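A single chain, nothing else alongside it, follows as structure tokens in the form predicted on its own.
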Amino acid sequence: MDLAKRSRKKASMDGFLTNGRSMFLAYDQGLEHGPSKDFNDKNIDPGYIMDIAIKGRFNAIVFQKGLAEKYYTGKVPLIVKVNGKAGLASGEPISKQNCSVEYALSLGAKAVGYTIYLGSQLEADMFNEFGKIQEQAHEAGIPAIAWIYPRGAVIQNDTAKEIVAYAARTGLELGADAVKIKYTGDSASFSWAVKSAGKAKVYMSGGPKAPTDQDFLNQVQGAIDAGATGLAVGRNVWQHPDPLKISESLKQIIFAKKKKVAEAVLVQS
């Protein structure tokens, strides 16, 4: 299509927000990590995850295209990850596109997600690819969300204040409507990342399973206190013995703005 003839529709994260906040259930670990690392007999079934997203009233579920094709039910807004990589190869990380924006739309996607490994020697390839995906998404009127993970030989500490803030700012500069970034470890330093993201919404990455529920809830509380829009969580929910209970506790922190961790923990008892 000729550039001059393109009509740019308004892309907004508003459809994923409840009173300005949101919580996504992410499930792309099967590709990224392999089934033996994260899954058990229950959560290896994408249908089980879809059920958690529905019953837990998540604002979105995040699937790769193959899972969306076979398991998405339409009852929760869908975010399709349009790139990904397996966890077998070594060397500088790169994650390339495996699904078009057009096909993601045909699956029912209300947004697309793309991972960028900031600091990789191959980051320019991902910048370029995400730039095209962001433009295509905006032409279709849907937001583009950037998973931005500092990684590569030059990255010594991927949760350092300045590194996480750089990740957040990169998303804003590249046109992301929202960024998914790691938590720095405390609210004060994470607030600098939120400021660095400007008008791009900030979602804390759920990360690996936390040692205790309270540890994880404290992290989420810190991110929300710092101004984050919400949480994109995977393993800390669907690896939990009771995913719906931990989901309810998370919602108490994210959506009930005056609730603190101590009150949220009571939800599980």
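One-based numbering along the sequence shown. Predicted model only: the values in this text are computed from it and were never measured.
There is another form of this protein, the form predicted together with a small molecule, and it is not shown here; the text below is about that form.
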is_contact(W147, the small molecule) in the predicted bound form, heavy atom dist at most 4.5 Å: yes
Touches the small molecule in the predicted bound form: G206 (any heavy atom, 4.5 Å): yes
G234, heavy atom within 4.5 angstroms of the small molecule in the predicted bound form: yes
Proximity of H138 to the small molecule in the predicted bound form, heavy atoms at 4.5 Å: no
Segment that reaches the small molecule in the predicted bound form - one of 170-178, 68-76, 183-191, 148-156, heavy atoms within 4.5 Å: 148-156
